[in-house]
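There is one chain below, alone, in structure tokens, taken in the form predicted on its own.
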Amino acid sequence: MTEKPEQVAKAGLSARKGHWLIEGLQRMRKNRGAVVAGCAVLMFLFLAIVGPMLAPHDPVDTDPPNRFERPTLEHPFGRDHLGRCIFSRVLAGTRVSFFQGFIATGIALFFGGVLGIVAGYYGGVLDHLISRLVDVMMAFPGFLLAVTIVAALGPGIVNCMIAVGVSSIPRFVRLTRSDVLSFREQEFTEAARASGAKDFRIMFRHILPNVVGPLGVYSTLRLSTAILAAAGLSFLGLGAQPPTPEWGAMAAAGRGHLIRHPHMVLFPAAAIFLLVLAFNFLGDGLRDALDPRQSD
């Protein structure tokens, strides 16, 4: 008996959901580096949520007579040039860095994903226009484009997140478009068209579930880049403004005292390094574990 187009489309969607995700996560458990990185990311996430409450001192409270104090039991990371507790500022800065990274990546994921799906599904002139726009944006180094955008909008955390997010959109567009091109002519898509499904439903009900996995893995990798870029903008004075406790801004404040008081730069820089490294290892582990080809 011949199956109806609706049955073929539903069967294709069900088969794609399958159990490959569970198998991928089981494979990931064998990757010790990815597991350790995942635990580190969870630890940083915990600190981002409760860090300001755990801070032993007010991160913006100054104490000029005790400025440049080296690490002690009371102030494990020492004090900065204004006498502020660096340990408390690093803890509070975890939330700022996570917030910047997630919002910037979310902006890139949403707009890049939508543009990529539209370009890949419709093709033709629309695909050409979107692709040429992406080519123009990618002609600029990502960080330089972010600097240009935030310089035009003005310094600040919000503008920093917008700049980092917009500069990352082209990479999400290319990834999504390439995946959509490989799915738009497959049997389950043709069956959905034959059943009378509208383009919007086909794109976001039948094609989107296929690209969610790769986009999720890539987003994890881009989170580290977004956090690093936001810290870089703050280091240049284009991101978070004083007295906001932000890792890049803290490193910038200590660069003039690096020789005599290296602790001002060491601890915020170490926090950036560890978080970016953890996201990179986690993203690599997810990519290897969730690659559907691994289940063949």
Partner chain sequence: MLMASYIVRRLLQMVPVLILVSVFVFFILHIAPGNPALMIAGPDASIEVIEEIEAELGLDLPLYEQYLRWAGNVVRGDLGRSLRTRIPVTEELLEYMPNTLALAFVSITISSILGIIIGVISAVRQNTPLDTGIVFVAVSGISAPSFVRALLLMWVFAITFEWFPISGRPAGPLFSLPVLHAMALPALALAIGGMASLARLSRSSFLEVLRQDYVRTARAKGLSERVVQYKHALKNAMLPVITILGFRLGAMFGGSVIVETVFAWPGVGRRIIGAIGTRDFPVIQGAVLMLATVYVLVNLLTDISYAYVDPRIRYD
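Residue numbers count along the first chain shown, from 1. Keep in mind it's a predicted model, so treat the numbers as computed, not measured.
The discussion below concerns the form predicted together with its partner chain, not included here.
Its partner chain in the predicted bound form comes within 4.5 Å of no heavy atom belonging to residue 243. Using a 4.5 angstroms threshold between heavy atoms, residue 151 counts as touching its partner chain in the predicted bound form. Its partner chain is not drawn, but in the predicted bound form it has a heavy atom within 4.5 Å of residue 139. Of the heavy atoms in residue 44, none are within 4.5 Å of its partner chain in the predicted bound form. Judged by heavy atoms within 4.5 Å of its partner chain in the predicted bound form, the contact stretch among the candidates 130-138, 182-190, 210-218, 81-89 is 130-138. The candidate spot formed by 235, 248 and 262 lies fully in contact with its partner chain in the predicted bound form, as each residue has a heavy atom within 4.5 Å of it. Checking 206, 177, 171, 75 for any heavy atom within 4.5 Å of its partner chain in the predicted bound form turns up a single hit: 171.
The partner is absent here; in the predicted bound form, the one residue of 223, 145, 119, 161 having a heavy atom within 4.5 Å of its partner chain is 145. Contacts between stretch 253-270 and its partner chain, counted in the predicted bound form as any heavy atom lying within 4.5 Å, involve 255, 258, 259, 262, 265, 266, 269, listed in sequence order.
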